[in-house]
Ligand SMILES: NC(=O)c1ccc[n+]([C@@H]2O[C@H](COP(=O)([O-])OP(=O)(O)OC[C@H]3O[C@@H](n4cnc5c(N)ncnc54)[C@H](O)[C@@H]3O)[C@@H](O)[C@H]2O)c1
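Heads up, the chain below is alone and in the form predicted alone; it's given as C-alpha cells.
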Amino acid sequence: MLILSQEEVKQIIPLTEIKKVVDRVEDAFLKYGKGEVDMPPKTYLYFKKDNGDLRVMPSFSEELKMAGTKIVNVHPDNPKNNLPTVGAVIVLNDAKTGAPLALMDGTYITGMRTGAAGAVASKYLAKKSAKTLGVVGAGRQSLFQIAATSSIIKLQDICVYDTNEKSIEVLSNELSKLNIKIRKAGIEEVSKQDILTTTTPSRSPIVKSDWVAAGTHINAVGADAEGKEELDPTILKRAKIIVDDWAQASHSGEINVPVSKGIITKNDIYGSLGEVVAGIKTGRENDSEITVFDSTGLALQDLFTAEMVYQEALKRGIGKDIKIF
C-alpha cells in the first residue's frame, strides 16, 4: 500500500495547479449525474462534549475500478491547540480484489476539491458575464474557493468580508503568491457581487435577502453539519436551488434548517449539480435568476481527486510503499 503525506500530495497537486482538480471534480459530478457511480450518504459520529464530529464517506467508480473512503473530522476548537479544524485521510481500494492501494492525507484534498466544486457550480450557474466575486469568511476554505474560481473565470474584482481582519490579511498574502488580488469589504457589499461564496461555520443567517440582487449566483459552502446555515431563508425562496446531493443537503447542508422548519421542501429543489453538468437539467436560464448551490461535499470528489494523485505518485515514484498484510 502506498502512503502519501500531505507534503507529498501538495507536491503532486500544488495550489497553482488547482485547475486540474476542477476538471477532475467536474468529471465526478458528470458521472454522478449519469448514475455511473455508487455513493451512499456520508455517516456522522458526533462528539458533543468535545465540540466535534467524525464523518465517513465511501464511494465507488466502475470506470476507475476503484473505491475510496474518506474519514474526516471537524473540530472548531482545534486551532486553540495548534491543530487544523478539519483533518482527513483517504483510503483507496482495488475494486477487483478489495486490497488497499493507498492511504493518503485527505485534509489538503478536501480543501482543493471543495474549492473545485464551487468553481464547477459557478461555471454552470453564474451569469456568463460574471466578473466579480464576494466571499464571506476568510478562513482556509476561502483560499481554495478563490483560487479555483479564478482558474476558470476571469474575475475583475474579488472582495472578502470577515469579522477578523487579520484573517483577510493572511488570505491576501497567500493569494498574492498566485497573482490574485483581493480587497476587504463590508458584508453587504460582498453580498452584492455577481458570485457570492459563503464559507463560515455560522448557525444563524448572516447574509440578508435584501443584499442579494437578481442574477446573483451563490455557493453556500459553510453549512456542513446539522443546524448550520448562512443564508436568510428568504433567499432560498427567491432562488433556483441546486444541491450536490439531496440526502446530504437536507441533513446537513445550507437547506437543512429551512427544510426542518418546513420553510422549503424537496419540491423546492430544482435538481443536483450532477444533473446540470450531465445536461439532464438546464442550469441558469436567464441573467435575472438567483441560483444557489448547496455544497455539502461528495465522497466522489475525494475519490476522483485521490485517484489522480495516486496515479501521478506512481509515475513519479513519490510516497512510501508498505506491506500492510
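One-based numbering along the sequence shown. Predicted model only: the values in this text are computed from it and were never measured.
Keep in mind that the form predicted in complex with the named molecule is not shown, yet the notes after this line are about it.
Note that among 96 to 104, 146 to 154, 176 to 184, 216 to 224, the stretch whose heavy atoms approach the named molecule to within 4.5 Å in the predicted complex is 216 to 224.
Though the partner is left out of this view, Lys240 does not reach within 4.5 Å of the named molecule in the predicted complex, counting heavy atoms only. The closest non-hydrogen atom of Gly139 lies within 4.5 Å of the named molecule in the predicted complex. When contacts are judged by a 4.5 Å heavy atom cut-off, Thr85 counts as touching the named molecule in the predicted complex. Although the partner is absent here, Thr199 lies within 4.5 Å of the named molecule in the predicted complex, judged by heavy atoms. Checked against the named molecule in the predicted complex, the residues Gly297, Gly283, Pro41, Gly33 give one hit for a heavy atom within 4.5 Å, which is Gly297. Exactly one listed residue, out of Val74, Ile158, Leu125, Val91, brings a non-hydrogen atom to within 4.5 Å of the named molecule in the predicted complex: Val74. Annotation for 146 to 180: interface residues with the named molecule in the predicted complex are Tyr161, Asp162, Thr163, Asn164, Ser167 [heavy atom within 4.5 Å].
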